[in-house]
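Provided below as structure tokens are two forms of one protein chain, presented individually as structure 1 and structure 2.
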Structure 1
Amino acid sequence: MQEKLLNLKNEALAQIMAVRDNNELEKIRVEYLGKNSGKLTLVIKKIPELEPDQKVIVGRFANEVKKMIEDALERQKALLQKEREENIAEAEWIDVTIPGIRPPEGHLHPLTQTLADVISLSRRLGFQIAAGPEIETDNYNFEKVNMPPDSPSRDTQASFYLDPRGSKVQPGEILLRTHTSNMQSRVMEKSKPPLRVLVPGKCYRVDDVDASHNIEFYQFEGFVVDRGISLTDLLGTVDYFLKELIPGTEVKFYATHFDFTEPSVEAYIRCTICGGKGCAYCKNQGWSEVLGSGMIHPHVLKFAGMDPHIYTGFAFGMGLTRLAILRYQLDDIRLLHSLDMRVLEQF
């Protein structure tokens, strides 16, 4: 029996040393040491049948053999572990340059992305967002912002009028708003100062469509009404807005004229195309006009039911379309209405 044990030991140790992975080791363990039918276990189970003097000797030897096999298993396991650790780079190399598996990839429109920035910026200054009608009356679009029917300024805001067919509406009474300023009176009539309001939205003007003009475009209009609002508040707010939206730019103010503001101020930024050296885009000025603003005209306040002796305010309007064009360096305004994903997936 001792010889049998010795053969088992030699056989087991030889097998163990040859094994290269843990599963095989486990199989060998079961083969020899398995609870019910391990080769060694079966031999050990027969020991009680031996003569008493043999029992002790064989029993001790069997235990030694068992221990030796167990140790060999452990050693081999440790060895394999060590080898694996040493070889992991070689064995488990993958090509990390293979392109990733992406989740579905969508795209938000450049105008949405630009508007998101405008809105988060205006919220920081305490502005609330308001939205109003695009189909508007001549009254709110023009008259209430101090642009009476005979104002020559109307020439620059040629309007699309809605066909009054089948209604009681007079021709020329209802139009598509030409600017977001229609919301100044609407909001002021219904809300009391202090007001800090930002109105983004679509506007429409009759125009010859080309690379820099379109009949539909987006604006945002900010206005503030309170006691003691001054021109320096306007300059400071506009300066902050532009420098946040167009990082690194410089801002300059020019006097101008708008019917709905007095005084009226235009903001210019350093040309983003030439950096101020002068180019065709900025008409060699190095500066380009980006925003119109001013102190809300006392007539506009009065038309909306505010007392201009108590309240003053400022308003500024900027083309969201224009801003998106500057940011993304679009060479044609019509790209913003493109339906082609080859254009839109770039953003």
Structure 2
Amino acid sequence: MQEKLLNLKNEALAQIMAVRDNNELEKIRVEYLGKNSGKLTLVIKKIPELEPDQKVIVGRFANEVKKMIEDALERQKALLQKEREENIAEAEWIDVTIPGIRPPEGHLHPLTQTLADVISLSRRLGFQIAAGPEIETDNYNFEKVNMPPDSPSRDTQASFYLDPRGSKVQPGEILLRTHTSNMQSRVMEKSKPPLRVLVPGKCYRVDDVDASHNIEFYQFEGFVVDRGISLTDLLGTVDYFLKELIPGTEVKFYATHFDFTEPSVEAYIRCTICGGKGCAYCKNQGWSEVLGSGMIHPHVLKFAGMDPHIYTGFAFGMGLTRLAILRYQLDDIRLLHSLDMRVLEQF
């Protein structure tokens, strides 16, 4: 029986060393070490039939043969794995000295770039940047900017009021802010003049979505409060502001009315989309209204705890989206919210 075991060992080791595939290696393992019909297994099962003095000798030798076959299987398996990894590495080898393919570079969205330019210009003029809540009280959004409940101006700013059920808030007390003017009183209540503040942010109004309107839009509000501030300070600031943001533009002013300023002024620029010839965006006027402004109303100063006999100020507000459209000569506000990369890659 020992001679048979020796022959099985030599036969198995020769086959193991010659195999080049893991599947073949597994077949050899089953052929010799299979639980029920392996060649070595069948021989080991006959050991109990031997004479007592032979059982120990043959049993020990059988275990040594089994161990040698198992070790040979493991070594060959590791060798095949190493060869496979080396072949993969060779096939995937990359010459790192070859110049790579430069990935496409992204860029800022037109609205983001416009906002960054507005903030940069404002800081050069000495303005501080302030942020405020988008969910606002009716008091700060309307009443403190001189728009009481019976003000006709409220009808021009259809608002999104929030449902206060389950809270202590009364209906009609909180809403999504309709303008960034809500921050005028908030800043003046906590800070003393001189003040130069710019407030950028999102605003919300109930509106029909079309080429020039949306229910969600960006706006920025700038205001200055100090002793001796006059209308000429406002006109000079706005004129400089618009000409820096839209180089080469022409600016003109018209008197108008806003509840929160007195006197009030609208700023127009020559339409950058049609060059002043007249188009759908400028309603064929050749000029686009871009900015509302004026001297801060004495009531607004009083509501914020300022004495209007000592302090005066001006404020101006503009839609950031409208500014971006005029800078990039777009004829539809919806293009700025497009997910089409063919559109966004143009800027």
Partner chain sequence: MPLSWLKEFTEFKIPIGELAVKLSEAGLTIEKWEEKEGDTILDPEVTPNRPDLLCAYGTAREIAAVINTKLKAHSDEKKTFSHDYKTRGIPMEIKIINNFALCPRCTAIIVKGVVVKPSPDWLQKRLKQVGLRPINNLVDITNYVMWELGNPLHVFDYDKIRGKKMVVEEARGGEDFRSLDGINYKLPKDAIIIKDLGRVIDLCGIKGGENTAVSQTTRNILLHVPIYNGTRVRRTSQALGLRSDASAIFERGADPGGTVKALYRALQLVLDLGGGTVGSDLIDIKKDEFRPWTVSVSHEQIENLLCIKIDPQGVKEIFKRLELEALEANGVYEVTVPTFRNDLHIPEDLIEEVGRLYGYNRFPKTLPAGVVPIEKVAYSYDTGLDFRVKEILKGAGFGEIYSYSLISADQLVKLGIDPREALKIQNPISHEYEYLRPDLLGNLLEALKTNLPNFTDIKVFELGRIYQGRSLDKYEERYQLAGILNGERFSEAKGIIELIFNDLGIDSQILPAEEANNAWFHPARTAKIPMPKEKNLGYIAELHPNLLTKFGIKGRAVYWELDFDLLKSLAGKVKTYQPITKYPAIIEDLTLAIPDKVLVGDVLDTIKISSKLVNTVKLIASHEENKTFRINYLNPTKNLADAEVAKIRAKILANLKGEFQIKPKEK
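On a predicted model such as this, the values are computed, not experimentally measured, just so you know. Whichever C-alpha set is largest while still superposing within 1.5 Å between the two forms counts as the rigid core. For numbering, take structure 1's sequence and count from 1.
The form predicted in complex with the partner chain appears here as structure 1; structure 2 is the other form of the chain.
After superposing the rigid core, the Cα of D307 is displaced by less than 2 Å between the two structures.
In the core-superposed comparison between the two structures, the C-alpha atom of V290 has shifted by less than 2 angstroms. When the rigid core is held fixed, the Cα atom of L40 travels 2 angstroms or more between the two structures. Relative displacement of the L25 Cα between the two structures on rigid core alignment is 52.4 Å.
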